[in-house]
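Two forms, one chain: they're shown below as C-alpha cells, one block per form, named structure 1 and structure 2.
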Structure 1
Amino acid sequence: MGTSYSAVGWNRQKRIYDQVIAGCCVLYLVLFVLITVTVNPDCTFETVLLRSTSTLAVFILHVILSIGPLTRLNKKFLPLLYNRRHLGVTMFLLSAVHAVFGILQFHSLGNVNPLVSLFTSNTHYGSIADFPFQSLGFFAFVIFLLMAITSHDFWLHNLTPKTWKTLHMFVYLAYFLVVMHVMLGVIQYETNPVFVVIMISGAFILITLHLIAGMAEVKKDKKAYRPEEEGFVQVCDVRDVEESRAKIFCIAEERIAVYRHENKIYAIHNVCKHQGGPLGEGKILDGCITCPWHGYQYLPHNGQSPPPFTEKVSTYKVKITGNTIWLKPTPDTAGTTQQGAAVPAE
C-alpha cells in the first residue's frame, strides 16, 4: 500500500497469469487460422485476421464478465478478479486489431474519410435487417479503449474510484453492443447455427451467473434486523465471528464489517477507500484490517490507515450482552476511535 498510487511489480503470480493468457490466445488463433486455411482454402488473409481476433476477443470478454459473479459465489476466484485487467487489456488489443483492420478494409480508400464512411455508408438506422452493425462495434471499441487506457492504478487515483468504477461499468453496455454487432452483422450472413448458439449460450451463462450471485447478495442484504433500545440492533452471536476475521451485515442499505481482533469486537464500514473492495472479506494482518482486493489496511478500532497513510473509513459502536453482538448502524465520522466490545471469556 502506498501514499499515492504505487505500481505493483510484475510478480510471479502475474507472470504466470500472463503466460496462461498468452498461451491460450496463441492456441486459439493458431487453431482458427490453420482450420480455416485447410477447410476453406479460398479465404483471404484479411478475413481470417478479422474473424480470428474478433471471436477470440468475444470469448475473453465472456471470461472477464463471468469473473465478478464467480468470485462473489466463491472466494477462490479472487486471483482471477485481482488480475482481471490483464485479460481486459488482452481483449482490447485483439478487438483493436479487428476494429482498426475492419475500418481500413471496409472504409478506407473510398471517396470519404473512413470514420465518416463508417457511419454514413449504410444509413438504414431504422431497420433491423439492414442496420449498420459496424457502428455498434465502433462504440463498443471506444469503451474498451477508454477502459484499457484507464486500467492502470494511476487513473484510478486521478479519476477517483467512483468515476473509475462508473466508467468500467460501461463494459456491460459494450458487451451488449458487441452482441448486437454480431447478431446484426455476420450472423445474418452465416447459415450455420453454431454462431447464434454460441452467442446465445454465452449471454445465457453470463446472465445466469449474475442473477445467482446477485440473488445470493440480495438475500443477505434483505435480512431484517429488529431495532432495539438506544438504536442498537442485534446482529449475531460472538462465536460466529472468528478471530482476525469479520462478518458483513447490511443494515439500511449500508454494509458493515464486524471484526474480531484480540478478543474484542469492532465494526467499520465495509467499503475500502481504494476501489471499494469488501473489507469484511479481508483479514487482520499485523494488527490491521487488510482489504482482500489490493491490501489497503485500516486499524480496527478507528478505521484509519496506519501512518503515514491517510485513508479513513467510518466506524460503528458495538456492544455485547451475553453472547450477542449489538451494533449501532449509524456511522460515526470516518476515523472515530471506538472502545470495541470485549468478548466474554467462555
Structure 2
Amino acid sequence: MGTSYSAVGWNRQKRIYDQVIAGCCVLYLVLFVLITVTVNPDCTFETVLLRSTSTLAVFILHVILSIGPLTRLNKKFLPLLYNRRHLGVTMFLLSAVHAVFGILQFHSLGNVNPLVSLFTSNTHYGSIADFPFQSLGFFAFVIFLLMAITSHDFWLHNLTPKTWKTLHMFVYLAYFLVVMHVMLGVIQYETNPVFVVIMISGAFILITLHLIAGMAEVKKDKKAYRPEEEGFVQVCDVRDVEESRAKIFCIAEERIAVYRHENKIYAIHNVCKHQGGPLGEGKILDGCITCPWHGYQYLPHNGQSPPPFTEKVSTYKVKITGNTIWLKPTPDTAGTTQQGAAVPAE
C-alpha cells in the first residue's frame, strides 16, 4: 500500500518479477524463430510473427488461469498470484501484436475497411470447416483490451470492486473464444495435430485444477462445528496456526480468518475490502495482515487499515481453553478493537 499516487507501484521484487517475465518471453520468441527457420526454412516472417506471439500469449493465458486454483491448493504459489496482473498485461501486449498484425496482413490490402473486412470476407458462419474464426479472436481481444485498460487500481476504485470483479470474470469467456479461434483456425490451415493436442491438454489441466480446488473449498465450507456456551465454537488447536499466518473457517456461511500474531490469536472477516481477496491466505508483514492479491493491509486487533487508509473489516471475539481456540462467529462492527487471546506458554 502506498500513500501517494503512482502509475505502477514497482518495488524490487516486482522489478525482478517483470525482468524474469520479459527474459522468458524474449527467450521463447528467439527459440521459436530459430526452430521454425530450421525446420521450415520456407516459412515467411509474417507467419513466424503471428505464430510465435499467439502461442506465447495462449501459454501465458493458461498460466494466468492456473494461478488461482494452484494457490488454493498450495500457498507456495502465492507470489505468482500477487503479481498476476503483470502476466495479464504481458499476455495482452502479445495478443495485441498478433491481432493488429493479423488484421493488417489479411484485411488491409483491399478497398474495404480492415475491420469491416474481418467480418465480411468470410461469411460461412454456419460451417464448422470454414467458420470465420478470426472474428472469435477479435472478440477475445476486445475483452483482453478492456481488462488491460481497467487493470489499474484507479479503475478498481471508480468501478467498485463488484463491477470490476464481474468485468474481469469475462476472462473465462475470452478463454473459450481463444480456444475456438485456435481450433477452428487449425482445422482450416494446419495438418499437424500438435496444436490440437496442446490446446486440449491445456484445457484439461485448467478444468481439472479448478475442479480439485473447488471441491477442496466446498469441503472446507461444509465442515460442521458444534455450538458451545456463550456462542463460541471450537475451531482448532493453537498449534495448528503458524506464527504470522492464518487458518480459514467457514461458519454460518461466513469465512473467518484466524491469525496468530506475537503469541496472540485474532479473528477478522476473510474478505479484503479492496478486491475481495482472501485475507486468510495472506500473512502478517510489518505487523499488518497483508492480502495476498494486491498487498492491502489490516491491523490484526481491529481490522482497520493503518493510517491514512480507511478500509475496515469485521472482527470476531476469540478465546483459548487449554490449547483449543474458540471463536464467536457473530461479527463485531468493522474496526472494533479485540484484545485477542493469549497463546499459553509451552
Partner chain sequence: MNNDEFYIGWMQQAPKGFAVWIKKYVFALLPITIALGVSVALAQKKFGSGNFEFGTLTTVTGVYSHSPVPNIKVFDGKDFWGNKNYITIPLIGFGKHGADGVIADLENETNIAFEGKELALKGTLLYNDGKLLMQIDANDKPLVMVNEPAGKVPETLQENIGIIDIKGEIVDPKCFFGVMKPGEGKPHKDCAIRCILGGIPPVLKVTNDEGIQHYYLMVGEHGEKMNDAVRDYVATPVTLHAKAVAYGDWIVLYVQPGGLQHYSYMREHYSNNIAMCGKRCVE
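Computed from a predicted model, the values in this text were never measured in an experiment. Start at 1 and count along the sequence of structure 1; that gives the residue numbers used here. Rigid core: the largest C-alpha set superposing within 1.5 Å between the two forms.
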**OP:** Give me a 1 or a 2 for the form predicted in complex with its partner chain.
**Re:** 1
Original post:
Per best superposition fit, same rigid part for L211 and R226 between structure 1 and structure 2?
Top reply: no
**OP:** State in degrees the rotation separating the positions of the smaller rigid part between structure 1 and structure 2, with the larger part superposed on its C-alpha atoms.
**Re:** 19
Original post:
Hey, core superposed, how many Å does S314 shift at the CA between structure 1 and structure 2?
Top reply: 4.6
**OP:** Would you mind giving the Cα movement of W293 between structure 1 and structure 2 in Å, after fitting on the rigid core?
**Re:** 3.1
